[in-house]
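Structure 1 and structure 2 below are the same protein chain in two forms, each given by itself as structure tokens.
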Structure 1
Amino acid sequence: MRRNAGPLYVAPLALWLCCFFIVPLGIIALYSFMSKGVYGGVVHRFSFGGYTALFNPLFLTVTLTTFLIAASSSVITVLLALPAAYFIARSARKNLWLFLVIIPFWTNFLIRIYAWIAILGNNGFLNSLLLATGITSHHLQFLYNKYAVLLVTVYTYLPFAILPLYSTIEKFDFSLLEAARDLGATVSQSIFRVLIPSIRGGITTAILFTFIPAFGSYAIPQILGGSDSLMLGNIIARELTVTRNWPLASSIAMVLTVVTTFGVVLFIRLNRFQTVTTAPEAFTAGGVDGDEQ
């Protein structure tokens, strides 16, 4: 009988994740229950201070803003991604279109943000154009508000919604739409009653892939946002580096972690339920005795 080499293979992985992921996360969890030091940092004394501070109206507003920006950007993204993914999946040149969607996102993330500054900035392309054509007589402020944050968030995460939607739509058996039409459904009925329910998994994946990163967003509101678009990520960074209230920074980070994890667990539950109802054999295969042919 062969010796089990499994632990040997996973040892470096387990060690690395433990040192640089689990322990740091544990430290944040710990710090969120400690007191703030006079000159920043933490004092090792138990306190709920980090959490009670969250109920300050400022943080409640920021949390609400964060949720609204993340939710609206993911809804807009998915609404754009659905028809785009449908088009790619039904096209004869799928690979070309997919390539076209992915390519811009191999340029640097900050360059993409910069591109929008170059267009929407006070001295940007759009302002220059408006001034030159005489439509306006003074510079307009397009940036540093929540709409700019929303726009660039959609821009950044749109491919992450298109790809999972594409892969589920591509697997969809389109003769079902014809069957629905044959049975008397209108085009829109066949789409809303047959196609959309069948690609539910892809839609939830797309929402997850846009909502979660948008909810934990830092760079986009930091660079393009204003006072109306402060998000939780910005508050964490501010509490950590400027105010140096580490317990508060940690407790906000914990909130982000818990919300994210909860969202993913919910998603996995939903998806597992789907796989159970559609493919029960996945759970019975690989049983004790592989005699099945």
Structure 2
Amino acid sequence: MRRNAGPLYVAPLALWLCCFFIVPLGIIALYSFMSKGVYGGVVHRFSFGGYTALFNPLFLTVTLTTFLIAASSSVITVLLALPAAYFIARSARKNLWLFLVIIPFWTNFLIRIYAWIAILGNNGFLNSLLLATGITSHHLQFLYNKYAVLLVTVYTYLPFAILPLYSTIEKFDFSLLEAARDLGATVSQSIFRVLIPSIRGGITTAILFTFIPAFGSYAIPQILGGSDSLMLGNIIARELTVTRNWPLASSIAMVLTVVTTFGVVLFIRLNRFQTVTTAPEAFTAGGVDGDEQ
């Protein structure tokens, strides 16, 4: 009788996740229920102080700003990634375009962020171009605001949206679009009622791959942001290194983890429900516009 070696195969991965994910997360969870020491750090005394401090208007404002920037950047990123992924999937030079999409990963993340200072700074390329062409007579402030953070966030996570969308669109049967056109559908109707429901999984993955890292972003708002673009990642770093309020930083991190996990699970469940309910409708008798046929 042969033994099932499955548990043995997954043991290294389980050990890795336990040591470098579950254990650190458990430590953060414990720290969030402790008290701040006189000189910072934690005192092993149970307290809800870290969580009650979250109701401070400052934290609520930062949380709202973080959500708006993350949500806006995710929507813009996916809207830009959809036509790009569609073009790559239909192109005869897929490998070339995928190579160009992956190239930014060859450069250090911080170098790419600082490169935007050379582009958007007061003495950067964009301001120099506007001054040289006479479009403006003074330097424009492109940096250190939420729009700069939004722009660079979209730029940073755009490849993370293009790749899963391309992977899904490439497997799509494009003859269905032609069938929808033959049944009287317009180009937009065939896209939104046939293509989009069929690649909903890729859209979900693209949104998650952009929203989650953007929601916990630290380096981009720290380097390119201003007072109007302070995000939760910056608050956590400040509480850890400046005020040394580890319980508060841990409680913010735990709230981020719980909210993100809940949002991911909810989003996936809603996506599965919508896929089950809408997929049959796209192929009902009479084609895309069944009521009109």
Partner chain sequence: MNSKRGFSSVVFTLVVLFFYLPLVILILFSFNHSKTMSWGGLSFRWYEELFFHSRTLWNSVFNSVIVALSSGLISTIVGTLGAVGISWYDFRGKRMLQVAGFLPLILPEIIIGVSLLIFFAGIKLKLSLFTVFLAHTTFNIPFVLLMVTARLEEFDFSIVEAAYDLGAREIDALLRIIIPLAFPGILSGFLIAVTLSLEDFVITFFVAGPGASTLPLHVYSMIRFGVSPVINALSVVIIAATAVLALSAGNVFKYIVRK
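Residue numbering: structure 1 sequence, from 1. Under this definition, the rigid core comprises the largest set of C-alpha atoms superposing within 1.5 Å between the forms. These numbers were taken from a predicted model, which means no experiment stands behind them.
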item: Correct structure when looking for the form predicted alone; value: 2
item: Large Cα shift (2 Å or above) at Thr261 between structures 1 and 2, core-fitted; value: yes
item: Displacement in Å of the C-alpha of Leu15 between structures 1 and 2, rigid core kept as reference; value: 4.6
